[in-house]
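Just the one chain here, laid out as structure tokens, in the form predicted on its own.
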């Protein structure tokens, strides 16, 4: 029996249905018809919000980045006087977001969104999120916590390390002998500490 959406919240119900379908069937299994069926609405209802499949994927990714940004900002803002703590807490927030929003996280970074520059809301929030990372990196560099380098390149390096480890773990590519003894958070922190201490 398809779930019924709450009155007035059709867009979010469709986004959630899209996440569930993408998680189980991949982008090839996603259609607005299936999304409508899962949300418990008529086949034509999604078109009020999404003209095509790509616009739905863009909305899923945009909502994911909105949530990620909010969690990163909350983690970072409580340590405004301590850049190292901002970095560590920001990294932990990123790992937590990935673990708690596994399906959305995978979609956000899957590359299934074509012509992403056509979706201004997605471009805005993804750029804003990266800018936040750059600001933390710059603060760490100014405090001597991270090595000198162009802040945007160092931000990509930090993000790449964190994202790479999280992705490997989520895809089952980290040995269970390691994960039986250490959490993903612990593994990520070891990686970041190496960068900090270099």
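Positions refer to the first chain, counted from 1. These numbers come from a predicted model, not from an experiment.
One more form of this protein exists, namely the form predicted in complex with another copy of the chain; it is left out here, but the text below deals with it.
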Exercise for review: Mark residue 82 yes when one of its heavy atoms lies within 4.5 Å of a heavy atom of another copy of the chain in the predicted bound form, and no otherwise.
Suggested key: no
Review point. Might residue 163 be said to contact another copy of the chain in the predicted bound form, defining contact as any heavy atom within 4.5 Å?
Key: yes
Point to revise | Contact test in the predicted bound form: residue 130 vs another copy of the chain, heavy atoms, 4.5 Å | key: yes
Review point. Do residue 157 and another copy of the chain share at least one heavy atom pair within 4.5 Å in the predicted bound form?
Key: yes
Point to revise | Within 173 to 196, the residues that have a heavy atom no more than 4.5 Å from another copy of the chain in the predicted bound form | key: 173, 174, 175, 177, 178, 181, 182, 187, 190, 191, 194, 195
Practice item. Look at the CA atoms of residue 52 and residue 27: state whether they lie closer or farther apart in the predicted bound form than in this form, given a difference of 3 Å or more. Key: farther
